[in-house]
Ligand code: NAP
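The data below hold one chain only, encoded as structure tokens and taken in the form predicted alone.
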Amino acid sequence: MVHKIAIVGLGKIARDQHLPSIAKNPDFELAAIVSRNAELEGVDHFTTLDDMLAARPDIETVALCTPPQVRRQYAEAAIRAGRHVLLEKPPGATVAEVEWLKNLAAKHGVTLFATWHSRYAQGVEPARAWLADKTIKSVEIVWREDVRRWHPGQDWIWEPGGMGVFDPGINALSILTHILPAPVLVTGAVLEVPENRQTPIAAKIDFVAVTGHTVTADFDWRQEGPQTWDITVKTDAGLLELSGGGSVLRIDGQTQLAADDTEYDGIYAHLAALLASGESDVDIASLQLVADACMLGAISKVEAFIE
């Protein structure tokens, strides 16, 4: 069965990732775009989601690629119209609203998929399997990138609900919560917030696992040049390193895997499986960690960020 899907929000992530992965997946047909400012040649275009839902009852699935601040209202409209919903990460602006959408989807009998694209990096599942029977001693996350490169002119990330540096940082946390055998808790954080912005440009977070080992995370949006997306895990059986956002896996310095970026291909393969089984997948563990870091975080004001 080929599933007709509509993309809501035709921004950078939709163009760079969603469109190519949909195009190469035989289980999906891109049937419509919903955007106030952008169109795609040869594809039906609507300026509002309500218009699309009314005009195209044959479109059964909606991929929401909007900023998180407005995602709940769009997801609610689609779910109430009986459509399946894919949520870009982060799945919402708050933990509670994502839980609410999960319950709403179950009530209406539709699939809700809260995606975490970094979990589909090729090194993540092998890392999870290798760590499953190991004793973890410590974990260090270093996730530093250039906001001007990845989010040019996107003011929404600096507004409440936009998450600031946690927008990329949550990718690391989505891997962390997936590969570790035991959950972790936030114990403290320092959030560096530019004096002219509402969300952090950098953050340092301390965690402790329920099994006792510590985790540290260093997120920064001010790194120019080569970007850094590394997770290092010390265990009783050696050192595991995930780099390149999870695309490269090393154990004790020996490369086990180095793969191309196929994260969104994995997302759409999993979405097809969920639709076939009638199930949902809504994991909010990493979103909860971000919320906790913001609750416990000490605010440090830093110089203004100028685009």
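Because the structure is a prediction, the values reported are computed rather than measured. When you see a residue number, it is the position in the sequence shown, counting from 1.
Not on display, but discussed next: the form predicted together with this ligand.
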Worksheet entry | Triplet P68, W150 and W156 all within 4.5 Å of this ligand in the predicted complex via a heavy atom | yes
Fill in: Position in contact with this ligand when the complex is considered in the predicted complex, options K204, H213, R144, H117, heavy atoms within 4.5 Å
H117
Fill in: Partner-contacting position among I22, I13, L296, I284 - heavy atom within 4.5 Å of this ligand in the predicted complex
I13
Worksheet item: Taking the shortest heavy atom distance, is Y264 within 4.5 Å of this ligand in the predicted complex?
Response: yes
Practice prompt. Using the partner position in the predicted complex, report whether W130 sits within 4.5 Å of this ligand, counting heavy atoms only.
Written response: no
Worksheet item: Does H178 reach this ligand in the predicted complex if we count a contact as any heavy atom within 4.5 Å?
Response: no
Worksheet item: At the 4.5 Å heavy atom threshold, is K89 in contact with this ligand in the predicted complex?
Response: yes
Item to complete: Among 94-102, 130-138, 69-77, 181-189, mark the stretch whose residues have heavy atoms within 4.5 Å of this ligand in the predicted complex.
Response: 69-77
